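The data below hold one chain only, encoded as structure tokens and taken in the form predicted on its own.
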Amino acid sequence: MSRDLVRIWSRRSRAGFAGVAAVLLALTACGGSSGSSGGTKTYTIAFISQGTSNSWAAQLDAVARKTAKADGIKLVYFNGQGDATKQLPEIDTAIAQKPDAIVLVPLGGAADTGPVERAMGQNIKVILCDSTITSTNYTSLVTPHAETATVPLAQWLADKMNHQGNLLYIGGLPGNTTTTTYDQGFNSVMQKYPDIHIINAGNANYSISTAKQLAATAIASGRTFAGAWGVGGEAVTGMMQAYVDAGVTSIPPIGGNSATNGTMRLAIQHTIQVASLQFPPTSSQVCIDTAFKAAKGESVPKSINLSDLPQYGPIFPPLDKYYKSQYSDDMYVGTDSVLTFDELKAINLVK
């Protein structure tokens, strides 16, 4: 992908949710979505997903499959099952099949480094999607820059807390580089305020039920929290549910990531001030298109910053304009910019 295309994306980023469509048009113009590219070869791309572990992953997979079909790609799917140790052998299996390219959603940054470097050594193009590894030996990295994108959310939370008091923190997935970069942005703000005391309740591993249990335990401890932070929409949703179930009438402001329709609904219904990062799983659209270009031997950027697109920006109260009552709680804000109503219904995201 040329620098001109990157500049196109930057300009399109001011056009709202239509930005995704604009990216696709730009990719098509550069040969990124042209099917067989005028030849007879059908390119094979191994898609090593986070897997069927939560709704975000299900939406990521649906977008990937739709994009592959539009591109005329043979997509071979590998299920990471939301577990770095289970995903690792899937990477080796994918390499053994010698695809034209691999799209990997890394669950273990360090563990995945060796297999990715082996694939690159066999001249298999590797596109890292939404997270990275501990090496730069890959073809392209497509991800938001969470270390900067989360800064305004953390600053909003610190301001709401008047820069003091206990802050309930629930983490994401240990060892996952997306979690690590979220924490970098969060900590870069909180370290400026020594009167904010972070109470780490544990890691939710991107699970709503786990986050709810962790938050319930923290609330039951008797501590008073002036604010809360969750890594991932699952953590934020779980914390809200715990507070509501505990009958707390004055729920503290909550900052975090990955805005879902359910986050919006709960916040509006219970008058909770919530700020989230839009992190829709439409990223797999760009990942698959980039892999297709790389497989054809076309130049692609080493790094594609999804934070330049509007659907990866922060969401602050009021939240009414983001909530869509026709969809289930599990739909991530922005997914409907790529998947149609019927496609969302097929993965149980329509009420």
Partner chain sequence: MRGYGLPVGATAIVAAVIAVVEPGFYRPANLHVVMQQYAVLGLVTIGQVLVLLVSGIDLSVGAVMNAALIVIALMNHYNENLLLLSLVLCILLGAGVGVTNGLLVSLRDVPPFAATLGMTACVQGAILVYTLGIPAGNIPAALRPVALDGIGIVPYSLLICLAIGLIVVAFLSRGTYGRMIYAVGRSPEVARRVGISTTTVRVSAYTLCGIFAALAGIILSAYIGYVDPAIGGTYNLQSIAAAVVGGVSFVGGEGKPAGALIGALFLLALLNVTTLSSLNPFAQLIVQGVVMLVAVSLFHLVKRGSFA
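The shown structure was predicted, so the numbers you read here are calculated from the model rather than taken from an experiment. Positions refer to the first chain, counted from 1.
What follows is about the form predicted in complex with its partner chain, which we do not show.
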Answer for E117 alone: is it within 4.5 Å of its partner chain in the model of the complex, judged on heavy atom distances? no
Give a yes/no on whether A220 approaches its partner chain to within 4.5 Å in the model of the complex, heavy atoms considered. yes
Is there any non-hydrogen atom of I199 lying within 4.5 Å of its partner chain in the model of the complex? yes
Quick one: is T237 in contact with its partner chain in the model of the complex, heavy atoms, 4.5 Å cut-off? yes
Looking at 207-215, 150-158, 69-77, 92-100, which lies within 4.5 angstroms of its partner chain in the model of the complex, counting heavy atoms? 207-215
Quick one: of Q241, N166, Q273, T181, which gets a non-hydrogen atom within 4.5 angstroms of its partner chain in the model of the complex? Q241
Checking S283, S49, T290, S55 against its partner chain in the model of the complex, the residue with a non-hydrogen atom inside 4.5 angstroms turns out to be S55
Residues from 335-351 in contact with its partner chain (non-hydrogen atom within 4.5 Å) in the model of the complex: A346, I347, N348, L349, K351
